[in-house]
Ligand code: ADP
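Shown next as structure tokens: one chain only, the form predicted on its own.
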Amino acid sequence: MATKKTKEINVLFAIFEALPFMKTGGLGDVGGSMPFELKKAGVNVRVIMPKFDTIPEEYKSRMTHVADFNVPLAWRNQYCGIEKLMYRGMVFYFVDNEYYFRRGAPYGFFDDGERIAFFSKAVVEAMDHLPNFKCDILHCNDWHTALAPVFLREFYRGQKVWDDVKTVLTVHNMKFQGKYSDYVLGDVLGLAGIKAAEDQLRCPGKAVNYLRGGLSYTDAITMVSPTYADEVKNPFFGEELEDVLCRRQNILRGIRNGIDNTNYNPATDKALKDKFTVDDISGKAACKKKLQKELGLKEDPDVPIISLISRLTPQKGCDLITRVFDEIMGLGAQVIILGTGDKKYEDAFKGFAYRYGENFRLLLKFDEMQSHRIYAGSDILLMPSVFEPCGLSQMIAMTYGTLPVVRETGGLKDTVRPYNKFTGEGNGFSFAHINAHELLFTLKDAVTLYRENKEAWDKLRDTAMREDFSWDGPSREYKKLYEELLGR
């Protein structure tokens, strides 16, 4: 008897950033990798994002125009074009409106609330204009697209194109929400007078919160790690939205992000002259030597290199690091920091660079290729985040045989198993509390193991490199979620 063929699921994946078109942080990494893995899992995915003027010309020149229409946004009636690009076998749609997106940067403008609202409304309107594509699931990401489920429910339900569409909202960081004055309800969103929308978009004090609206209206909520999905239900992590997440916890689940193994792979990485694998690790020593030479550090294989590749912000644990930085340098390691961030941290690390210039390199920039060389040439990655929804750096580091020292929160807790000196089990090092000296003592344990027990260190490193941090498992979980929403 013939097996009944399951109908293909059509997913429109809405996101504000995606490599190689736009990236300001981890969201761009997700946008540039997750859709491809969903496709491998058997989902028919198409991505939609803004057409920023900063998208490289090599991609803009290959886009083709597929539709144009007007988007109603309160009293406005704004032009919207849809451009299409086939990239690595994936269809990308770009929402074109030069008034909103020809700005030289994706964020930081006085009318960001209007620009983001336009994008969300355009995504919903576009569903009626995409040739040969009937959307089953609208997968939204972060506050930039959180209004789409609100608009879908309030303005488009009961209409054939939109009536059966289910929505998923993935939150990559609860801290970024899109808060604006109550004025935008009517003037920008066109939702004034709709009591359900007003009640669910407003925070205490009558501020309008885009993410709150999306969390209230969507059919499913995902956080980017299981632990973070539990954490956000309490006030410390919930960022004043824990009430919504507790109320809707029956549709909330945590699905860990993955990393792109084509981009982060020490066996094939174009940024490395010396490749290596877990079965032939010799190239890692060569990467370390070349990293020391590149940065003007003493070329010594016995000195551990501790690296921080991060935004320099409170979330990333910079207060903990600066509190005990003198003691960290007293461990006798070489330290590398790559990243930019808050001025007070940049200034503090500049002071440390002046004091410890022989063994400390501060690189106040972000350089993608250099970050790969640092991952490959380092021994220890420092990542003491106060909170971390998922985190990619710790997974990348382990893939390159660099052991992480992390705080047990969010995705760090889900991916890093602390070293057990009695059994030898684990794949890194971790500490529990937001405490600078816990960080210091854990880092000291890592440095001591590196120096005094080569066999245990090598075993720990090999275990870390064999971990599967790909999108394979997470993409199958998302496919299962889509099937549940559609009753398949």
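All residue numbers are counted from 1 along the displayed sequence. As the structure is a prediction and not an experimental result, all values here were calculated from the model.
Omitted from view is the form predicted in complex with this ligand, to which the following refers.
Trainee: Among Cys135, Val208, Leu392, Ile321, which has at least one heavy atom within 4.5 Å of this ligand in the model of the complex?
Mentor: Contact residue from the list: Leu392.
Trainee: Quick one: from Asn359, Gln200, Asn97, Ser371, grab the residue that has a heavy atom within 4.5 Å of this ligand in the model of the complex.
Mentor: Result of the distance check: Ser371.
Trainee: Answer with yes or no whether Ser225 is in contact with this ligand in the model of the complex, where contact means some heavy atom within 4.5 Å.
Mentor: Heavy-atom contact with this ligand at 4.5 Å: absent for Ser225.
Trainee: Taking this ligand as it sits in the model of the complex, is Lys233 in contact with it (heavy atom to heavy atom, 4.5 Å or less)?
Mentor: No, Lys233 stays farther than 4.5 Å from this ligand in the model of the complex.
Trainee: Hey, in the model of the complex, is Leu27 touching this ligand, heavy atoms inside 4.5 Å?
Mentor: The answer is yes: Leu27 has a heavy atom within 4.5 Å of this ligand.
Trainee: Just checking whether Arg311 would be counted as a contact of this ligand in the model of the complex - the rule being heavy atoms within 4.5 angstroms.
Mentor: Yes, Arg311 lies within 4.5 Å of this ligand in the model of the complex.
Trainee: Check Val150, Lys179 and Thr218: does every one of them have a heavy atom within 4.5 Å of this ligand in the model of the complex?
Mentor: The answer is no: none of the three residues contacts the partner (heavy atom, 4.5 Å cut-off).
Trainee: Of the listed stretches (290-298, 359-367, 321-329, 157-165), which one has a non-hydrogen atom within 4.5 Å of this ligand in the model of the complex?
Mentor: One stretch meets the cut-off, namely 359-367.
Trainee: With this ligand taken in the model of the complex, which residues across 377-391 come within 4.5 angstroms through any non-hydrogen atom?
Mentor: In sequence order, Met383, Glu388, Gly391 come within 4.5 Å of the partner.
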